[in-house]
Every structure is written in structure tokens, then in C-alpha cells.
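Here you'll find one protein chain in two forms, each presented separately as C-alpha cells under the names structure 1 and structure 2.
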Structure 1
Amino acid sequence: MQSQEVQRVLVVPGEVIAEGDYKISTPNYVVRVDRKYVATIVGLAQIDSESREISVIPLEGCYIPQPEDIVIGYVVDTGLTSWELDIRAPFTATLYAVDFLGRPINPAREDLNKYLTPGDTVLARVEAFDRNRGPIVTTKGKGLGKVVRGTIVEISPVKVARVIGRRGSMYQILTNETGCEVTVARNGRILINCPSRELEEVLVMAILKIEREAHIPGLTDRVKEFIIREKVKRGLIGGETKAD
């Protein structure tokens, strides 16, 4: 239970949210000008006077790549030395074959469609991006590469932070209460692997609930109660479990 109410107000780009000394939790959506904190998007500004944190929950927006972002992309084209991936950004991303395969290739002798073809799903990390050309992604790193199993759920990219929650609180509820493996990509695609079809359905419903109600306070507790009710309804846990 929170000891202090968190203030939330609707803001537009250029609007001053607060003055003084605060920590910015969402640097893409809030900037500091002298001692003033200014919104850069339309959203709900959240001011926590106890922790001295300011954040803005976006109401709408597209995905803008940032270096080190984990993304889920769909292969849309195969070139001689690279693939083009749809990562829900204004630009397609480039994945170089030498990076994906971990070795040099001879484009005259190797057909990259042998490894990835249009329609394949790839979990990758944004390596570089500037607004003069599309982003470059890499599959170097633990767990990255071609996705061979699981279900993809798509939400608005600006709601990703709510699926994760403060200090990972929402993410922990989703995984602990369903037993599913969940990979939340910054571009609003979420990869889930669940022990059963019933648990997958519950998890998908919970994620979509988060997207719909991202702007409403008390969401974490409501999502936990929702998951428990749905599990009881499906006979996945005993009916004596309290969900409300």
C-alpha cells in the first residue's frame, strides 16, 4: 500500500509539469529547463512527492529506436548481405548476415534465405540509429536471434513501460502468476511462452488490460486480481482463492 497519493495531470508538449529538484523517470518524455520540468508529449504527468520522481505516461505514440533497445522484428526482405526487418518504426532495420551468422559470407555462393526468410521473427538489439538512415540491429547477445517458438502480443509501444512497471513490479506479477516466460520488447511486441493454452489466454488478456487501462491508478493490483479471477474461472486454481 502506498503511503502517499501520486498526483497525475494531463499535459501537452511544452507544458511545465513542476519546478524544483526531481528525478526524471521517463527521459524521453520530460526535459529539464533550468529548474523547470517540461513535457515533450501528450500524456499523464505523474509526480511522486515522496520519492521526488517525475514521469509521463504517453497516451499515444510510435516507436522511435534507441541504442540498446531490445526489439522484436519481422523479416520483410532479404538482400545479398543483410536482411530488412520491420520493427514498427518509421524505418526498417538492417540486420547484417555477418552479425547474425558470426562469420563472413560470400554473397555469390550463399543464399541468405537459407537462414532467414520473409515472415521470420527475430529478437534483436538496436546497435545504432540516426535520423539520416534506418537503424542497425544485432543478434549478438544472450537469448537473441531467430524466434522459433512462442506467441507474439502487440501493444502500443508507449505502453511498454506499464507492462514492465516500476522496478519491474508488473512484469513480476505477469510471470509469477501465470508461470509464463515473457520477453517485453521496446517496440511493443511481447514474446510469451506459457505452460498451457489456458494460461496463455489469461496472460494475453492481462497484457491487453494493461494497455487499455495504462492511465488509471492502481493498475498493478487490478491486474493481479484479474489474473487470479481468470485462473479460478478456468479451474487452474481453487475457487477459495480471494480475488477481490
Structure 2
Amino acid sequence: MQSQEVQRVLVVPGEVIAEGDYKISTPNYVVRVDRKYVATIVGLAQIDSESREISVIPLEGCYIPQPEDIVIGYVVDTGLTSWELDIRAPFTATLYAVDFLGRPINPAREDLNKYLTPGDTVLARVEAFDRNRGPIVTTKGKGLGKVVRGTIVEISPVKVARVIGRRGSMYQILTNETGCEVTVARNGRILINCPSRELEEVLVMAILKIEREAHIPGLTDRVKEFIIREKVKRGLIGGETKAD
């Protein structure tokens, strides 16, 4: 947590980050023009002086599916053997009934609306996404499947990394301080299950605070203080003692 004091600079498209010889670790967000390294997006640039690597953390942008990503999708259409899910990407994702039910189905006998209908929420994993087909998701895996309870908070997909934090530091704070179950999906949808209404309010406010202040250093400590303060305000804990 403390070691994240790397110099980060706010950049906009066209801004020259550095000149000379560097490696680019975020290829879409930095381009090389002659000997100049130019940012292509509004984001935070950082230069690792040891490995001479340039990276830009985006502050705006849409979700691009990657295999193995955990996503939360809303069913938008039911087909004969599959569902179409809105996962906030440029394309809708396909969820095959074979994957979801774990057995082959006969579309002549069964109607898939029995299992999932448009409007349902599904926690899934991206199985494949190549440039020729749309993304395919699966619910095979622990904890995946139809979401039946909880609240979903939507944030910008590019800020998901901040909700998790370095080695999960932010995630630890959110779960430990509120006692809620938190599932952070890569596409910017966060599923939360809280023991009480008050704790849910605090958690949602904390998540939205992370989204709003994602680019300002010292976020982890600020969020921790924020949660404790809000809890005291609501009488969930007394004084400055830590809860749970």
C-alpha cells in the first residue's frame, strides 16, 4: 500500500510523455512518434525508471473483453440454444445453454426462458473472444451462474482496478470494514451482498468515491477513513475503534 508512491502524471491525447528509448507496456495507450512517446488517451502516465517502461492507466474508456475476465451480464435475448448477454462491451456476449445447464438440451422440447429470461443477471467468465466472433461466456466455475440476490453498482470499467487495489488492498478494506460480500466484475459491475441496509449504503458510497477520485493519490487510506467515519455517523460503531 505504501509503496505505490510512483510519480503519476495526468496526460491527454497527444501529450508527449517522454523522449528517448523506452518500452511500452500499455500498447494501445502510448504510441511512438519518431523518438517521442505520445499518450493516446486521458489517463495517468507513469515511467518506471529502472525497467524504462512507460504505461498509461486510462481514466476513460469502454470495456473490451479478455478471456478469463469475470463479468456480470444482463440477459437481453433468448435464442434456441443460447442467450445473448449485455456485458457493456461493443458486442453482446453469447452464453450457451450447454455451458449454463451442464447438459445438452433439445430446443424442440425445452424453452430456454424457463432458466433465464431477458432482464436476468448472470455472473460469468469470458471463455473466448477473438477478432472473428463475438465474446463467448461460460458459467462453469465456482460461484458463477444466475445472480439471485444482492445489489449491483455500476462504475466505469477502467476504474475497476482501483476498486481492487494493489494486491487486493482496496478490496480487502471494502470487505473487512463493511462485512459485505463483494464481487467485482471486470466490466465495471460490482455485485454486493450486505448484512444490513446501512452497511450497503456506506459501501456504495465508498465505491462511488473510489470511482470519482481514482486519479488522486492516497486513495486507499482515504477510503478506509471514509468508511469508518460513515459507520460512526450511522451509529454502527462507536468512537474510532475498528469494527468486526
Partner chain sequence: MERPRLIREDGLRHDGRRPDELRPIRVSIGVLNKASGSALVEYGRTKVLAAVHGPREIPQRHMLLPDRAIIRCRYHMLSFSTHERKSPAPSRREIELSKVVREAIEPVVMSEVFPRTAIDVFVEVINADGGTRTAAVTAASLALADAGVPMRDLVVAVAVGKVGGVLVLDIDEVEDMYGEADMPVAVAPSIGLMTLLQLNGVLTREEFREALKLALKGATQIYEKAREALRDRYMKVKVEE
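The term rigid core refers to the maximal set of C-alpha atoms that superpose within 1.5 Å between the two forms. Since the model is a prediction, treat every value here as computed from it, not as a measurement. Structure 1's sequence is the ruler for residue numbers, which start at 1.
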Chain form predicted together with the partner chain, by structure number | 2
Rigid core superposed: residue 232 CA moves 2 Å or more between the two structures | no
Relative to the superposed rigid core, does the CA atom of residue 26 travel 2 Å or more between the two structures?
-> yes
Can we say the CA of residue 190 moves by at least 2 Å between the two structures when the core is superposed?
-> no
On a rigid core superposition, how far has the CA of residue 39 moved between the two structures, in Å, if you could check?
-> 5.3
